[in-house]
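Below sits a lone chain in structure tokens, taken as the form predicted alone.
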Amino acid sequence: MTGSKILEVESLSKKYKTVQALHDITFSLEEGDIFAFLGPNGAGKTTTLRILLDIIKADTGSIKWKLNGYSGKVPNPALMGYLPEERGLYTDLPVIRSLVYLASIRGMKPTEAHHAAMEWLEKLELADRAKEKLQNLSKGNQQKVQFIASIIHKPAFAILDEPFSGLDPLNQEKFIAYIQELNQQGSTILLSSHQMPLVEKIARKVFLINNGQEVYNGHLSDIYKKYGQHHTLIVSFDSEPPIGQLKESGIIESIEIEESNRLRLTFAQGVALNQIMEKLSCLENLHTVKSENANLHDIFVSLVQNQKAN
């Protein structure tokens, strides 16, 4: 359940030498949100998060926090949790020692921090490795420890940059549950990712960004209503697909090659299914046709293509 606005971002822009990383970005979060900042690598996601945390400065724009009674540009670190895309823990220290230290500088007492750390390590199946150095753990297990470090103090606001990085599919699903649990306990979540199928399982609001520019900003449910009315078909052929012929049909918005003889076709909004089937029936070597509901990835690709066309 959402409440009052706790973060307002207005017209952020940032340039690195010749690269315009952000173009006039504006969004806000309410208390209790799970807000997803989504886009491909290099889209401007991490730059935005670092500006929010005052790690780097924006060229133009403003940021206003209203968090647990605090009002200003940068909130008290004890109120914040930050999972960086690049790991920042002490690799030559035992896991438990690193976690207790990081929790203590966010206001937790050492005994309280140790108890909370062991609870989380148990939950993430790492309790038996608490005294090992972080550098001895796999990439996925290091990501688990980094996650614990960012949320162990139950922050009012958690920024999670690529939280699913390095995780296998099973642990990705577990992390979705952990993020939901954190939110239910009172943390507002801003997560950044390029893995849209995972994020759309938990986000309530999304900000789609590409090349530093807003593509969409709003409720996840609304984006399906507004842009999800495209027919998407998985089409396979007995031999090489006639991609050129498909492009010439005039009704296809995007073509993705899934396998050598299988394509994912997204048709322009408003094109009737009988019109689509009439076009497909003229193709040689057509083997199977399977309908698929539009997902966030499909919608993002479509919006980016329309943005380029304009």
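Note that residue numbering follows the sequence shown and begins at 1. Predicted model, so just to flag it, every value in this text is computed and none were measured.
The next section is about a form of this same protein that is not shown, the form predicted in complex with a small molecule.
Engineer: Which among 65 to 73, 44 to 52, 241 to 249, 256 to 264 is in contact with the small molecule in the predicted bound form, heavy atoms within 4.5 angstroms?
Structural biologist: Result of the contact check: 44 to 52.
Engineer: Is it true that 127, 178 and 181 each have at least one non-hydrogen atom within 4.5 Å of the small molecule in the predicted bound form?
Structural biologist: No residue of the spot touches the small molecule in the predicted bound form.
Engineer: If the cut-off is 4.5 angstroms on heavy atoms, which of these, 214, 200, 162, 112, is the one near the small molecule in the predicted bound form?
Structural biologist: Contact residue from the list: 162.
Engineer: Would residue 270 show up as a contact with the small molecule in the predicted bound form if we use heavy atoms at 4.5 Å?
Structural biologist: No, residue 270 stays farther than 4.5 Å from the small molecule in the predicted bound form.
Engineer: Counting only non-hydrogen atoms and a 4.5 angstroms cut-off, does residue 21 reach the small molecule in the predicted bound form?
Structural biologist: Flag for residue 21 set to yes.
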